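This document opens with one chain alone, in structure tokens, the form predicted on its own.
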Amino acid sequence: MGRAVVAEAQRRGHYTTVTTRPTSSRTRNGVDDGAPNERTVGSTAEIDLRSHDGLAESLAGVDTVIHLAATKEGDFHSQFAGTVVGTENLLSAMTTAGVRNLVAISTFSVYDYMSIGAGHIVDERSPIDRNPALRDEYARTKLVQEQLYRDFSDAGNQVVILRPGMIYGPNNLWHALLGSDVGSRFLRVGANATLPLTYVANCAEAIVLASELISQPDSNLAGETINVVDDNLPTQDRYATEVAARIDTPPTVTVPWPVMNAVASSIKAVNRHLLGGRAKFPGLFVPDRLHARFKPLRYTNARAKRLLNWSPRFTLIEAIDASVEAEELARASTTGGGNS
């Protein structure tokens, strides 16, 4: 996502300052990609957000910060350090540097899916999870991060929170909203549920548009929360079929949503009544996590279109085809081969 946002910002003529982890390469994070001229290439600072070192200095001359960084792997303490502590340090550095405009990237993971009925619309008014103890580490830390964004807004800063759905694209076509690996098979849950997808380039454009608008005097985006999903969202079955027609996918077994939900609910009841809730089970068998990934719901991007004047440029098929082409080019480059 970071690479796509930098490339889109440069395409639109913005001078970019990019902070990367010390282990990230300059090119991989997009600083050298897609820039129309040297004026927009910008600079790179290798920063560890878990430390204050160099953060405020890296913000010199910056008008608006787009905060994409989060830790998605590891235990709770690792993700808390990367997501929550990193955000605390960044917001402190913004205050020190006098930077007041923030485009804060959150996630659909913050919603309270257990309280949203099947078939209902998830929009910006939907409740967020206030008791996420049974959710995964990513959801729990992103909820804390969102509260930090709101506190920064309450302190008089210009903040817009964007919540993308599942971001798909090169190297992330077969993703967690389809199911999970179970032994030698991939277990898909449900088939007819609508997937809250946004193609990486479509999402990047929405984020850059938000950064342009939030920096304007008396911006009407300040304090807003906006969901980002594409148009004409596919069902899980349609999406999986289109992807499988283009790339190798694992052998799958599909379990209907009502069956999987009943199994997970039964396991939860047995765990609570007989085991005191102490037993640990894979996420597929934890209702709070199962509902967050597979519950059949509906989604809207009306607010993003109205407030950002945004419309997704790439259709589902165009996005999948572009992703497959990008993956093939990357493999050819790595192996030294050419186009077939």
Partner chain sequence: MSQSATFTEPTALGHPDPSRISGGLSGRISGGTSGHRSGAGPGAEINLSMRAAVVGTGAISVEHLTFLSGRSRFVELPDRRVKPVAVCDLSPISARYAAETFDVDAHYTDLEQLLEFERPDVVHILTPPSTHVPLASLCLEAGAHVICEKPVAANIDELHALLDVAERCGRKITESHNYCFNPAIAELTQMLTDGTLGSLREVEIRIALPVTDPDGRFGDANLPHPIHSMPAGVIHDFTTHFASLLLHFTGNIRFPRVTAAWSNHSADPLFRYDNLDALMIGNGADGPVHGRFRFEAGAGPDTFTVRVYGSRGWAETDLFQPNTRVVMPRVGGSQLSPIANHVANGAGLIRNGMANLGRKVMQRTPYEGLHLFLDDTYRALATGDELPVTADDMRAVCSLIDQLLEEKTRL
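What you see is a predicted model, and the numbers here were worked out from it, not measured in a lab. Residue numbers count along the first chain shown, from 1.
Omitted here: the form predicted together with the partner chain. The next part is about that form.
- Within 4.5 Å of the partner chain in the predicted complex, a heavy atom is found for all three of His77, Gln147 and Asp151.
- Of the residues given (Arg313, Lys305, Arg298, Arg50), Arg50 alone sits with a heavy atom within 4.5 Å of the partner chain in the predicted complex.
- Only one of Val85, Ala97, Met114, Ala191 comes within 4.5 Å of the partner chain in the predicted complex through a heavy atom, and that residue is Val85.
- The stretch in contact with the partner chain in the predicted complex, judged by heavy atoms within 4.5 Å, is 273-281, chosen from 62-70, 273-281, 290-298, 305-313.
- Although the partner is absent here, Arg11 is not a contact residue: none of its heavy atoms lies within 4.5 angstroms of the partner chain in the predicted complex.
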